[in-house]
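Before any questions on how it binds or moves, here is one chain, the form predicted on its own, in C-alpha cells.
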Amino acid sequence: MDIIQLTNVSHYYKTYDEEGNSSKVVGVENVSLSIKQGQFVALVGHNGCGKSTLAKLLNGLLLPDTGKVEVFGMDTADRSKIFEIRKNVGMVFQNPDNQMVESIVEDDVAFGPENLGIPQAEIVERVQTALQQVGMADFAKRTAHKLSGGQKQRIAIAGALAIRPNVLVLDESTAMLDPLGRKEVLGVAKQLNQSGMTVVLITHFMEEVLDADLVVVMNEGHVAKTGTPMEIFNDEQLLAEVGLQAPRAVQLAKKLHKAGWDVDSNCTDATQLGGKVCQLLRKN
C-alpha cells in the first residue's frame, strides 16, 4: 500500500543579488515518487541535489509550489491536516545537538508526547519503550549533552519514536557522526524497519543503502533513477554523472571478478568478500 505519494512535485527557493533582485533556484522539480508501508527507502545524491528538500516535503515542513504530496491520503497543503501528518511522519535531522531541548535524556524524549497532551502515565510508558527501541534504556537519567554523537542521535530517534509515527525520516542523520556512531544509528534504523516501520534514509554514504528496498538517486533537483541497491551500483555511468561511487566492497568484487577471480561480482558484504579472497589465496 502506498502511504506517501508525491505527484509532479516542485519546490523552489528564492535568492537575492546585491541589488535585491530575486531569482528562483530549484529545490526539487517535477518529482513523482511512491513509498509503501514497511519499505526501507534510501534517498541518495551529492550535496545540493534536492534530497533534503524532498525529505522536508514528506511531512509538510516544506510545501510544494506545484504538484501534490499526500501522506496516508492527507494533502500536506491542507493546513488542517498538518498536525496529523507530522504525527505520522517523524523526522530526525543532521545535528543531534540542535535537536536536544532538555538536559536529561528521559525528559528530552518526553518533550514530544508532552506537547501532544498525552497523559503522564502513557508518556512514561512511551519514553521507556522508545529508549528500549534504540538501545538507550540504561541512559534515561543521564545528561544528554555528555553523550557521544551516536548516542545523542539515538536519543533524537527515541524522541521521534515517542510520538508513535508510522514513518521515520532520517535526514542526513549520520552525516556528522564517526563510523561507530553511523553504525549505531543505522543499526537502529534497520531494527525499526524489520519491526514493520517505514524508514526513509537520506544519505550520501552509499554503504548505508545496502539493505534498502528502494534507492532513489537525486540529481539537480530531479529523480535520476530508482531501483534496488544493486541496480544502482551496477549503473556505473549514472554514478559517474551524479558524483557517487558504489560501496568499496562492491567496487572490489567487480574488479576481482573482471580480473578472473572466482568471486561474485554482485557481492556487497565486505566480510564475506574478504573470507572468499582468503579462501582463494589459501588454495593458491
Partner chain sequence: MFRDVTFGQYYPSNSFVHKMDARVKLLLCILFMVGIFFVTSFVGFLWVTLFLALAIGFSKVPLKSILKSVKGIVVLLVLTALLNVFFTKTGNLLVDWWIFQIYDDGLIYAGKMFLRLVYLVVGSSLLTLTTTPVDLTHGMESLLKPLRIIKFPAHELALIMSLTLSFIPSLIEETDRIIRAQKARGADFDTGGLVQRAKAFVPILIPLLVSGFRRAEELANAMNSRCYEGSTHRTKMRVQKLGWRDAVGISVVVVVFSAIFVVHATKGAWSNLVPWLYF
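Positions refer to the first chain, counted from 1. Owing to the predicted nature of the structure, the values given are computational and were not obtained by experimental measurement.
From this point on, the text means the form predicted together with its partner chain, which you will not see here.
Practice item. Only one of 61, 252, 230, 239 comes within 4.5 Å of its partner chain in the model of the complex by heavy atoms, so just point that one out. Key: Of the listed residues, the single hit is 61.
**Study point:** Answer option from 211, 75, 107, 207, heavy atom within 4.5 Å of its partner chain in the model of the complex
**Key:** For this set of options, the contacting one is 107.
Review point. Hey, in the model of the complex, does residue 201 get a heavy atom within 4.5 angstroms of its partner chain?
Key: Outside the cut-off, so no.
Check your understanding: residue 56 near its partner chain in the model of the complex, any heavy atom under 4.5 Å?
Key -> Yes - in the model of the complex, heavy atoms of residue 56 and its partner chain come within 4.5 Å of each other.
**Study point:** Heavy atom of residue 87 within 4.5 Å of its partner chain in the model of the complex
**Key:** Because a heavy atom of residue 87 falls inside 4.5 Å of its partner chain in the model of the complex, the answer is yes.
Check your understanding: Does at least one non-hydrogen atom of residue 93 fall within 4.5 angstroms of its partner chain in the model of the complex?
Key -> Yes, residue 93 is a contact residue.
**Study point:** Per-stretch contact check against its partner chain in the model of the complex, the hit in 193-201, 94-102, 179-187, 67-75 (non-hydrogen atom, 4.5 angstroms)
**Key:** The contacting stretch here is 94-102.
Exercise for review: Taking only heavy atoms into account, state which residues of 230-253 are within 4.5 Å of its partner chain in the model of the complex, ordered by sequence.
Suggested key: The stretch 230-253, when checked against its partner chain in the model of the complex, contributes no residue at the 4.5 Å heavy-atom cut-off.
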